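Below: one protein chain in two forms, given as structure tokens, structure 1 then structure 2.
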Structure 1
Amino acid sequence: MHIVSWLARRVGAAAILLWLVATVIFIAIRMIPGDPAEAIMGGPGSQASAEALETAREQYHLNEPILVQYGIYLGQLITGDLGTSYAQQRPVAQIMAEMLPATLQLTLIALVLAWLIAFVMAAIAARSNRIGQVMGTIIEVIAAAVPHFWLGAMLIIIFSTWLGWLPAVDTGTVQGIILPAFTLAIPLSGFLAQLMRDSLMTAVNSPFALAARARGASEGQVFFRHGFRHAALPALNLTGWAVATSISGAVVVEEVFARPGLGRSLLGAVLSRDMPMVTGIALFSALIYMVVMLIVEAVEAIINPAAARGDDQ
């Protein structure tokens, strides 16, 4: 099996998945009781005028038979047309293109941070005694149990209000992203560390680690040559999930730290029932998830080619 056919198969599967997501959303919108045009315009509260509703009907081809609507909808999706946000009166795709970099920057930095924190936590816990291990578990679990919105508030109080070290909002500078990134990273790192520590422990106590010691390797070498890879693998496996969680978290973190981004746009869209925007973001996050999964699989294949070939389920 070759890279090309592998890629083709995966991309194909992802496309099917996206098509399904789009279909589910299409059906869902039409299942809302009442006038779909009104739903698109923000629900009964929006006080949309008769003309506005008619425009919406035109724009979304609601006067056509349902299958024709579906066809048009899919056609637009393929060309990247996600509709127009009624609240902002701009193409959804354009809004998302503007919001994406900020969210991506935040989630990526948070992801890297989470990995680092998790690895350090796991490494310290793995090398300490029983009490240290128990403490490690408790810290990990607590980290994983902290809600973003609370953590964000606490960090603002401590580092911004009390100590005055870091800005409470994103100022476009490096300092500005520190608190949001940590807020997003810490709970995630709790999850990752739990996983990493388990595999790290298994790795440094495994026969191949003993073999390395028997070859004269020092503890440090055992740790970095063997432990790290094995700890990384399950964590990597979770990256798809982690990215998804980070996007969830970004909704809250962007709100607390007043950062622009997809999450905040979504929240605004939900509050104003801006359906085109909501569905656009839903589709988009599914796309991101699938792209991330593709990348993860590729990276996994590099770290562990055998598993990648064998595991097809």
Structure 2
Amino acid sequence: MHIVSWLARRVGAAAILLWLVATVIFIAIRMIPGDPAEAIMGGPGSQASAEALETAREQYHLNEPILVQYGIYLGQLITGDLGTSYAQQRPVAQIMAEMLPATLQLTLIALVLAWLIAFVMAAIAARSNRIGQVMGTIIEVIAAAVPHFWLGAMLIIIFSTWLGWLPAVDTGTVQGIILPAFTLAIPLSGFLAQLMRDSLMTAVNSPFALAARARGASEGQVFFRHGFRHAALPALNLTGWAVATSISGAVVVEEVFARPGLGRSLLGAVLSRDMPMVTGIALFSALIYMVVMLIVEAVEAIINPAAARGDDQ
């Protein structure tokens, strides 16, 4: 595949996805009951005057027809203007720049932990007997199904309240990120482990693994050099989804552990109908997803060049 046509298709797909995300957000915000002008002025409790509300409607074009509002909204996004937060009265880009490092740190640590936990679970299950495989499957399903808020509460009770090992809220230290990271990583590891286990078991019993053993390769070499490389591909395909899941899960995790970040900011913005803030975070999340998927495609081509060449044809 020519690099220019490949990049053009990806950019086109990215533009369509961002447009869809922006449109869904616009519609969803407009469907929330209440007057958007009140949200701009601080909510119903602000007791803003009728004149102030009318001024807000004119300033933010809320008195225009819905299609005109939509056109203005898209025009601002195209120029890179995310607007000003209704609640904080500061540029959305500035707020996101302040909150982004904390969320990226949590997400990256959680992804690494999820991959490590998934690999350990898949490796143990793949090398166990039938009973061990069944037990491994049960553990994976439970891990994948557990809600973030319940898991976070349980980890706080056990490791903070009972044992006193770790803080219950984020303290800005290494200890403070451990419980949030595991809360985000454990459910994700359950999904990844299910994919890796099945692929790993298939890989270590495949013809190329038998040929490697015939050439004198040890079980460890077959397991790690051949089996894991092929087992990682299905899980790697889910990395883009995993990043999106981690960012959405951060909404709950950051709230449970009182950790500042984009997730907690998004929750507050939704509750206060802060449309510019919701739009900015959602579009950024979609952009991160697309960038990660491009990286995943490149990594897959490195791990499995034959499949990449076949796709290009």
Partner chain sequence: MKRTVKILAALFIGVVVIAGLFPSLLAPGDPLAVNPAEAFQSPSLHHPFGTDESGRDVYTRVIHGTRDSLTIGLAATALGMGIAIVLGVITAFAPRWIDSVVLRVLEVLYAIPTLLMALIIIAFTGPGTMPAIIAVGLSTAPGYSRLIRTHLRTLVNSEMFDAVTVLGHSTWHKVRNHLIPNTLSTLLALITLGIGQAVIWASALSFLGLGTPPPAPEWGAMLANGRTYLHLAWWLTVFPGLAIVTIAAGATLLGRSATRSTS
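Just so it is clear, the model here is predicted, and its values are computed rather than measured. FYI, numbering is relative to structure 1, first residue = 1. Take the two forms, superpose them, and find the largest set of C-alpha atoms that agree within 1.5 Å; that set is the rigid core.
- Only structure 2 is derived from the form predicted on its own.
- Hinge residue for the rigid-body motion between the two structures, chosen from A286, D81, R273, P101: D81.
- Of the two rigid parts of this chain, the smaller turns against the larger by 22 degrees between the two structures, per C-alpha superposition.
- Per-residue C-alpha deviation between the two structures, core superposed: V68, 8.1 Å.
- With the core fitted, the CA of G12 sits 4.8 Å away from its counterpart between the two structures.
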